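What follows is one chain in structure tokens, specifically the form predicted alone.
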Amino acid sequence: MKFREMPVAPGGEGFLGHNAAFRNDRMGTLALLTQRTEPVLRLTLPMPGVQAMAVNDPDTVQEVLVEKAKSFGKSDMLRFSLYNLAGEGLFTSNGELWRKQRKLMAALFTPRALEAYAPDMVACAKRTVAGWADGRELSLHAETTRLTMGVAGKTLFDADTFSDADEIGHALTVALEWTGWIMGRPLAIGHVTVRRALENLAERFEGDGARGRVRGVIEAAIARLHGPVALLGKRGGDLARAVAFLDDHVQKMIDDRRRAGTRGRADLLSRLLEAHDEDGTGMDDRQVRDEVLTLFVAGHETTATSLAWTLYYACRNPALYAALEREVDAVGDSPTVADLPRLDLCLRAFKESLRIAPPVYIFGRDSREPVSVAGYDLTRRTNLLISPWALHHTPSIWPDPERFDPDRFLPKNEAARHRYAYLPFGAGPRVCLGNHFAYMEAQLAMAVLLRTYRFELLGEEEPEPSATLRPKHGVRVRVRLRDHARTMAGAAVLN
């Protein structure tokens, strides 16, 4: 079937179609997809010749991300919007660079490597609660961000980022908010359209001599269009300052490590600095920087956001909260890897928060060649929108989808569900390397936090769709030191 025969997604009325719909009400537009049963839906856009569609069921997700993964790459729009922050890092790169970098980083996330990270995860959680006081009001998302950023810094880069977490977190927030704001705007669309036109033009100048020189000029122009040519206005200025701060911070880490040497170290930063191509060429500082910032964001953002959401929903469900306390109390004050099987409810609650509010709630793929999807013929560079949030909120897949229910992740229920109905970490060859890292970190962090303090919710929360799906108000809570923790604190003072 031809692309134009595909049913049109709801919500794209008007001259600007779905471009305006997603900018004006992103979550409402995604919610409309959950009401439709078609596997794919065509998106209406104001740009002639640009094809875009939404993937709307698990079978088609499997077809795109797994069975035909080689026919798709990260979307040009995503690469443009994240370029200032992530450059050509693992999340945004394509082709051979992506394959090489993923192979290099995979060693950091083996089961043996994960076990070694557990003590640092517990230590960062304890360091976080040590900064609280009985009866204090705080933003839970800010605290979980500090915790997970400390974990990412120590485990991935062997660096103490805990004390700088607030400044780093602010800079990353500015960059991510700009990413969420620019995506799909006319400036971004125009940029991507011009870059694609130049790529098409370059393909017409194959050969040597004058044709080769013309192609070289065009390719130089294309290279200038990986990201924004200029950052304008207040938002652009804020992004420039945030990225400059992050660049300085990462460069200092690189310089310090080069001076200290990498011998005997197995963290990511050391691996990146030691990596060499087949010709013996090492990785330049720009590529190291891109991978460090990519893993910094990926290494803390998902877990921090979902930890905050998990505790928010637990606070709204007294029976669940009490069960979680019983579980962590049985483990004690210093959980280890051996305790993970005993923290099953913590894991299931965390998985359910990833379902109901997935941090990566929408992402895109571009077809790299003509390909058929769900029976429809797609041309090269068709954009496919995939929304984990929409899939996770489809009633035919997840009955009563707005209800927070960790029992959805009991083994028998997981086994009965389509494998690609749940996408918090993507799927296929580009599935997130750190998914088990995040699960383990969440279990251990929840064990420490819930064992030490009781959380009293101070207000309702709602998702705020930017580059990720964060809690809009930060999950405001009051923390109360639990009786056994109060006793231990008093004993420590007396000693």
Ligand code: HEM
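Numbering starts at 1 and follows the sequence shown. This structure is a prediction, so every number in the text was calculated from the model and none was measured.
The same protein also exists as the form predicted in complex with the named molecule; that form is not shown, yet it is the one meant from here on.
> Within 4.5 Å of the named molecule in the predicted complex, counting heavy atoms only, one of 348-356, 139-147, 254-262, 404-412 shows up; tell me which.
Stretch 348-356 is the one.
> Test of understanding: in the predicted complex, would Pro46 fall inside 4.5 Å of the named molecule by heavy atoms?
Answer no; every heavy atom of Pro46 is more than 4.5 Å from the named molecule in the predicted complex.
> Report yes if any heavy atom of Phe80 sits within 4.5 Å of a heavy atom of the named molecule in the predicted complex; otherwise report no.
Heavy-atom contact with the named molecule at 4.5 Å: absent for Phe80.
> Examine Leu156 and determine whether its closest non-hydrogen atom to the named molecule in the predicted complex is within 4.5 angstroms.
Yes - in the predicted complex, heavy atoms of Leu156 and the named molecule come within 4.5 Å of each other.
> Can Lys74 be called a contact residue for the named molecule in the predicted complex at 4.5 Å between heavy atoms?
Although the named molecule is absent here, Lys74 would touch it in the predicted complex, with heavy atoms inside 4.5 Å.
> Select from the listed residues Val331, Leu90, Leu176, Leu385 the one whose heavy atoms reach within 4.5 Å of the named molecule in the predicted complex.
By the 4.5 Å criterion, the partner-contacting residue is Leu90.
> Just one of His392, Arg289, Arg195, Arg365 has a heavy atom within 4.5 angstroms of the named molecule in the predicted complex, so which one?
Contact check passes for Arg365.
> Would you give me the residues of 436-450 that have any heavy atom within 4.5 Å of the named molecule in the predicted complex, in order from first to last?
The stretch 436-450, when checked against the named molecule in the predicted complex, contributes Phe437, Ala438 at the 4.5 Å heavy-atom cut-off.
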